[in-house]
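The chain below stands alone and is given in structure tokens; this is the form predicted alone.
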């Protein structure tokens, strides 16, 4: 069961429900969150000289006090900055963790002195923040931002609303470590400079407690993937793994469809046929020897389990062919790149899309389909409405790719990184999703598995390639994603 992304003002109710079901106390849950943070922090910051933790008076500050205690006991030099007056009443759990700070920790008042440290941890304001910041809070955030250290936020950057863009001062984190689920604002591209790298840690909140909260946003995690995969036995043959057809490629752009074909095969397709222009047949045959080719303008679609259309296709003289496909095939279709561009120029095609057709636009392609949006929140809403209206699936590509389903659910992916921003990466995804469709996966599961494995392949490949990663590297690491997830 995927994690629901609940609103910030629902977090306290969520925590209370978890505590009633688990028998934990609130201070124990806070300790678990702090320990999870430290388990992530310690191996990644072993050479850190000084850790400066800026704590507020609420439960976010309580997390900070607990983190300070744990890191100090692990040998780190820790200083705590109290972002409140001495007379301020702390939350109950923050007070208890403040009192548990070991004497070795230097607790400093919030003055202009900033100790030279290598890491600053923001535990000032949490998800309970809303409205306008007090002038004193603005001063604290600005003071933290002037610090030259690496900056890490606990759960959410101070001053950032849970579901919106910031309207005032906000802490500029290099890394945000969020607990249990990402808050919606952490997934907005407009907030990238505020959030930095996003890390989401499991702190053991029971999935059952999410059931009573109303939201259409979900977060796909590693635990969700294995159960969505088909299992094949030792008597399975290539036909069981699906026959897919890919339409695409044109003069100067055959690389796109070859990447799509290679990724489909690496994802597990048993049989692959490329439908390409006649004068590009030699390139296709030499470029992908495992594939069959056809150059028919109206190819025989009988026996085909799934179709992927668009990479490198061009839009000249393609309209009639796309109409032919949409009118004569409905088993499983993925539309990408120039297929989407054709639809944006011929909106009548939207009404011809078979139910559960999968569209895989990047942001500009999506805007060409439905018009520009003022911000990502508006774009997400448009994607949801279009998916529901046409009963299709829209995979809105980008960091934390968003899968929009016909029933209104919106699923954020948790894999991938910025190294995947390279030519051909989207073509690889098209091949992967089409392959899963051909293997008999439901359109929903094909989209989920395709997006998750695609991002995971990028993570694996980037460990050695970094900025040198190219789309072909993703294809080479697709088999490693099965190994990583224990999928046979």
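Values in this document were obtained by computation on a predicted structure and should not be read as measured data. Positions refer to the first chain, counted from 1.
Beyond the structure shown, there is the form predicted together with a small molecule, which is absent from this document and is the topic of what follows.
- The candidate stretches are 348 to 356, 313 to 321, 119 to 127, 240 to 248, and the one lying within 4.5 Å of the small molecule in the predicted complex by heavy atoms is 119 to 127.
- With the partner omitted from this view, the residue of 207, 110, 203, 292 that lies near the small molecule in the predicted complex is 203 [heavy atom within 4.5 Å].
- Only one of 233, 131, 75, 252 lies close to the small molecule in the predicted complex, with a heavy atom inside 4.5 Å, and it is 131.
- In the predicted complex, no heavy atom of residue 52 sits within 4.5 Å of the small molecule.
- Remark: residue 12 counts among the residues lining the small molecule in the predicted complex, judged by a heavy atom distance of 4.5 Å or less.
- When contacts are judged by a 4.5 Å heavy atom cut-off, residue 29 counts as touching the small molecule in the predicted complex.
- Taking non-hydrogen atoms only, residue 171 never approaches the small molecule to within 4.5 angstroms in the predicted complex.
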